[in-house]
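The chain below stands alone, shown as structure tokens; this is the form predicted on its own.
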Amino acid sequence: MATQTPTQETTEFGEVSRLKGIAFKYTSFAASIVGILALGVLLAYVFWDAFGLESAGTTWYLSYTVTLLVPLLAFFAYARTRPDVVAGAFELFSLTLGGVMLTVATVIVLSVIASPPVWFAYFLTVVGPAIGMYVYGQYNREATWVGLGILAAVVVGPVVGTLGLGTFSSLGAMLGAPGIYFLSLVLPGAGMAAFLAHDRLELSKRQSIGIGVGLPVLAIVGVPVVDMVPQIARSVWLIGLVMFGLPVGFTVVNTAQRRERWAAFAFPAIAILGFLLGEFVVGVVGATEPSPWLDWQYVTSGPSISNAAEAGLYPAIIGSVFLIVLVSVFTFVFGVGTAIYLEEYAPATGPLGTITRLVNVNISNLAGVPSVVYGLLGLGIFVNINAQLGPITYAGFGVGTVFTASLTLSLLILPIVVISAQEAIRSVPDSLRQASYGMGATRWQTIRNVVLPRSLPGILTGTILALGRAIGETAPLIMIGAATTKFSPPSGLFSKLTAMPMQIYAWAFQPSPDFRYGVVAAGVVTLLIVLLTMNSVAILVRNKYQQEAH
């Protein structure tokens, strides 16, 4: 049998295609390197200005190079070929930083924005019932009413809490702030700690109960010690014990349980001890230290438009944290709910199927609409409309208020969340759904136990990207009348606010170079720290669900 040999044309075509592939490969590689270097130079320039590194002496650089930089580079070289060590170090870093940010955000929301009695009122009517039903659903998988019960608590609870705000607030005022936080944070945190110890860390029931009991005991025993430190109030101690202690304690025990990850503990040890040793060496040799713009005064003081040395970002930080918390809640609930309905419940055929396709097309188009258009939409819907809805008169939520800004930014990123959630839900194989139906599960049970756990990593990916866009937006906030400079943080949902991008924008046009280079750079670094911390924690949660799905 004769064999066919490649023709001259085929050979030439293969050579041409190979050359094009090689050219495309190296062009893409060069473009990636240029982009990474450009971004790195830009970030280095911003950090250089924010931390005032130009004023530091040579001895200061040498001291920290020897005590901190060289040991960290040695650790990275060691961990480069050990993925378990890298994963453990990333968990320790991200959850520690996330615990700090979560503690700060909780203190801001519960102590600065909402008073403890108000928080106690909504805990009794919304948060407490929702957590209780969720925990019950984890132990009793056959309770199909749990999902609807949580939804009812989220929808009806705020109404009940608002109507009974006076009574519940009076009850909370009698307990005091430490008593409120002990009942609403420490005790639920103890239950969460016991659940994580038994379900995630696979500890015995006795050990899990011991951890659960140990948390409130530690909260009570630590009060006399905290009272000796004037800078730390009892309320901050109780909030930090739960919001910082739970994630950090979980990742420490999780890392300690895996022998292959033990080397990851060297990363925080090197970072902390290297920094302290560097401070000691710098003090001994008398090295000239940098004069940073980003310091404690900067993050705890109000803004200034005349003196750069007194400028602070505190009201804008409070406003951004308050804003992003509300936006994340609104977009996740409404975005994921919309995606579930469109993919799992909406008809695909007939007249209603045509409407569903039109809705999908419009959602895709809305994802590309400029942000200033959403600002105009928020101005028209949430600020300027006057309507009579039966006995209720709707006249907007106020110009530049927290609630108006959060709803406007939620509209901005909602299409992105819906589209990413749809793609993630669509990627779950139909065979898994059919297997669940074959076992006798209802549609909601299938969605809850099969579809959502496997699609949650993709949903969180879209949500992370969307929130990253929302936290840096200024055009919608300008359109709804948010203040560029505000000297006090927001005190409630309907008080005016400013956000970090707005304040940075205002400082960028000050004539003084100290504002345009030092203060603005410090604001950009603060915004990046908040954004990267939020993203690192969300990525870690996504990876956890991704591992469980596989």
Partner chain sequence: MTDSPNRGVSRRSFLASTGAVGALALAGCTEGPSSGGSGDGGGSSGDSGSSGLSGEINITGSSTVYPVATAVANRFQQEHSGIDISVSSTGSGGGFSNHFCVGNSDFNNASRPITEEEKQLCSDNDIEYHEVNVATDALTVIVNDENDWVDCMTPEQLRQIWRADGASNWSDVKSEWPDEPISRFGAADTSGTFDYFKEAILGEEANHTSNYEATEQDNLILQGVQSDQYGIGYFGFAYYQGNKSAVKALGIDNGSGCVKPSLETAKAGEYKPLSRPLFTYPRKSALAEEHIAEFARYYVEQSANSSLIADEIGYVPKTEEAMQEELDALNEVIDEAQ
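Residue numbers count along the first chain shown, from 1. So that the term is clear: the rigid core is the largest set of C-alpha atoms that superpose within 1.5 Å between two forms. All of these numbers come straight from a predicted model, not from anything done at the bench.
Below, we refer to the form predicted in complex with the partner chain, which is not included among the displayed structures.
Asks: Is it the case that Trp262, even though its partner is missing from this view, gets within 4.5 Å of the partner chain in the predicted complex, heavy atoms only?
Replies: No, no contact at 4.5 Å.
Asks: May I ask you to state whether Pro303 is within 4.5 Å of the partner chain in the predicted complex, using heavy atom distances?
Replies: Answer yes; at least one heavy atom of Pro303 falls within 4.5 Å of the partner chain in the predicted complex.
Asks: Please determine whether Ala506 contacts the partner chain in the predicted complex, using a 4.5 Å cut-off between heavy atoms.
Replies: Residue-level check for Ala506: yes, a contact with the partner chain.
Asks: Using heavy atoms and a 4.5 Å limit, would one call Glu279 a contact residue for the partner chain in the predicted complex?
Replies: It does not: once the partner chain is placed as it appears in the predicted complex, Glu279 has no heavy atom within 4.5 Å of it.
Asks: Only one of Leu183, Ala87, Leu165, Val248 comes within 4.5 Å of the partner chain in the predicted complex by heavy atoms, so just point that one out.
Replies: Checking each option against the partner chain in the predicted complex, the one that comes within 4.5 Å is Leu183.
Asks: Gly161, Gly179, Gly396, Gly128: which sits within 4.5 Å of the partner chain in the predicted complex by any heavy atom?
Replies: Among Gly161, Gly179, Gly396, Gly128, a heavy atom within 4.5 Å of the partner chain in the predicted complex occurs only for Gly179.
Asks: Three residues, Pro116, Ser235 and Lys496; all within 4.5 Å of the partner chain in the predicted complex via heavy atoms?
Replies: Yes: each residue has a heavy atom within 4.5 Å of the partner.
Asks: Among 118-126, 303-311, 266-274, 88-96, which stretch sits within 4.5 Å of the partner chain in the predicted complex, heavy atoms only?
Replies: Looking at the other structure, the answer is 303-311.
Asks: What residues of 179-199, in sequence order, lie within 4.5 Å of the partner chain in the predicted complex by heavy atom?
Replies: Heavy-atom contacts within 4.5 Å come from Gly179, Phe182, Leu183, Leu187, Ala190, Gly191, Ala194, Phe195, His198, Asp199.
Asks: If we fit on the core, is the Cα of Pro370 displaced 2 Å or more between this form and the one not shown?
Replies: Shift at Pro370: below 2 Å after core fit.
Asks: By the 2 angstroms cut-off, has the C-alpha of Arg469 moved between this form and the one not shown once the rigid core is superposed?
Replies: The answer is no; the displacement is under 2 Å.
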